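To begin, one chain is listed below as structure tokens, in the form predicted on its own.
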């Protein structure tokens, strides 16, 4: 009988806990976690790009923000020439395709002939996030500094004419279902030929190229997949928050998601997702308890965690449980 991976077991345990959470907590807690699940999808997208493909981006929120704005523009009836188009479903498609295409074009620019990596890649993506935020601030069509307000919730109709999904518990379970599908789907991709080739590029780019892999194409594909997934998370966020602003596309949120993934663990997608959920929960609780000094507490926690758990808190937990299970299995054999 095949052994279930430790990361899968942790994901199943977390799924069970989240399934029962609304039953044992107040509705406002479930509402918060619905948004945290959207952030968790965002963290999974960076975890895939950084942990699995080995590409660290300091501007990953660009795709999140594009997805949020794409969903907002469609559902608010702001598409040029199509004022009657207000479909949530088309908004979701746009929120996935547009950031994915932007990421693919950026990937072609970065990897097709220049093969940027390491610090140089980080600097370019950092500059991209700053540029994108400035463009959003100066775009009157997108509301400028004020952003786009009154973004409608998920509408089940084909063109905004059906029932709105705004009740806390149904939204919570929809977001949880999307997160579960994303983690399972991206884990499946990691074990497909495309994902295995990306892992080879991460470990040794020159050797992967020598073995016949098109490194540039693989990196462009990884960036496009991560960008599309980040765009989806932006759409999931904005239909709950009801507001898209330039802050969703800038460096601050890019830094946040880096912290979530680093604290959770970039080597496992479920660890990255849990990192986002736990950090966002801590931020909410600490901001209430400590007031304006709560960022200092989060910063201290981040530094301590990085030193004690270089693989991330949940990444370290998975690794140690893996070793323990391996030793027990060896003894039995």
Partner chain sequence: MPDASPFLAVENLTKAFGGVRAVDSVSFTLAANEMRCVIGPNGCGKTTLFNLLTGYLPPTSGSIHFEGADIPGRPLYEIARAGIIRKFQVPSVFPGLTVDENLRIALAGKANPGKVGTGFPSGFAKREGRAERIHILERVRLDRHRHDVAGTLSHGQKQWLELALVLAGSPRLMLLDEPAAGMTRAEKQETIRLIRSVHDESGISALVIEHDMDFVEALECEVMVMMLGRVVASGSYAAMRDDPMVREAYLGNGHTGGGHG
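Fair warning: this is a prediction, and the values are worked out from it, not measured in the lab. Positions refer to the first chain, counted from 1.
Only in words, not in the display: the form predicted in complex with its partner chain, which the text now covers.
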- With heavy atoms only and a cut-off of 4.5 Å, decide whether residue 150 touches its partner chain in the model of the complex. no
Exercise for review: Flag residue 192 as yes or no: does it have a non-hydrogen atom within 4.5 angstroms of any non-hydrogen atom of its partner chain in the model of the complex?
Suggested key: yes
*May I ask you to state whether residue 221 is within 4.5 Å of its partner chain in the model of the complex, using heavy atom distances?*
yes
- Item | Contact test in the model of the complex: residue 159 vs its partner chain, heavy atoms, 4.5 Å | no
Within 4.5 Å of its partner chain in the model of the complex, heavy atom basis, the matching stretch of 212-220, 228-236, 167-175, 76-84 is 212-220
Answer key, its partner chain contact in the model of the complex at 4.5 Å (heavy atoms) among 259, 197, 128, 102: the residue is 197
In the model of the complex, the residue from 137, 124, 180, 208 with a non-hydrogen atom within 4.5 Å of its partner chain is 208
